[in-house]
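Just one chain is shown here, as structure tokens, and it is the form predicted on its own.
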Amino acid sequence: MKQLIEAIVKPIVDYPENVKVEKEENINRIVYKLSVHPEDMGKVIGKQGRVAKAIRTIVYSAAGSHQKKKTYVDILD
């Protein structure tokens, strides 16, 4: 899943080397924490959060089919 998030985000940012995804797993959920260069934050979030919502939709769809834990994507400042 980390690779999927990176594959989606790296082409849309100006600093792909600064894209980092960390996985945090609990008993009933998995949280992927995405961090990017501060100048790329607007590109990842998009107008009215549309890009962020699209990223989350793709990740949730991919995770929902074969994981029993709830999956979340957080975009860190």
Partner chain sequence: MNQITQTAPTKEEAITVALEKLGVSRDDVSIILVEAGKKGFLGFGKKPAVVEVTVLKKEQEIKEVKVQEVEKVEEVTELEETVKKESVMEDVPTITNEQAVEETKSYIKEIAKEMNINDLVINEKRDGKFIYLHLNSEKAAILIGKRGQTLNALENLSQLVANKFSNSFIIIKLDVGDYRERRQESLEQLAERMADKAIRTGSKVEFEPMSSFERKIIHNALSVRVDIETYSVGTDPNRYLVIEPIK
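Numbering follows the first chain given and starts at 1. What you are looking at is a predicted structure, and each value in this text was computed from that prediction instead of being measured.
Not pictured, yet referred to below: the form predicted in complex with its partner chain.
Asks: Does any heavy atom of V51 come within 4.5 Å of a heavy atom of its partner chain in the model of the complex?
Replies: V51: yes, in contact with its partner chain in the model of the complex.
Asks: Quick check on E17: any heavy atom within 4.5 Å of its partner chain in the model of the complex?
Replies: Result no; E17 lies far from its partner chain in the model of the complex.
Asks: V21: heavy atom within 4.5 Å of its partner chain in the model of the complex?
Replies: Answer no; every heavy atom of V21 is more than 4.5 Å from its partner chain in the model of the complex.
Asks: So, in the model of the complex, is L76 in contact with its partner chain at a 4.5 angstroms heavy atom limit?
Replies: Judged by the heavy-atom cut-off of 4.5 Å, L76 is well away from its partner chain in the model of the complex.
Asks: Between 1 to 35 and its partner chain in the model of the complex, list the residues on our side with a heavy atom within 4.5 Å.
Replies: Those in contact are Q3, L4, A7, I8, P11, I12, V13, D14.
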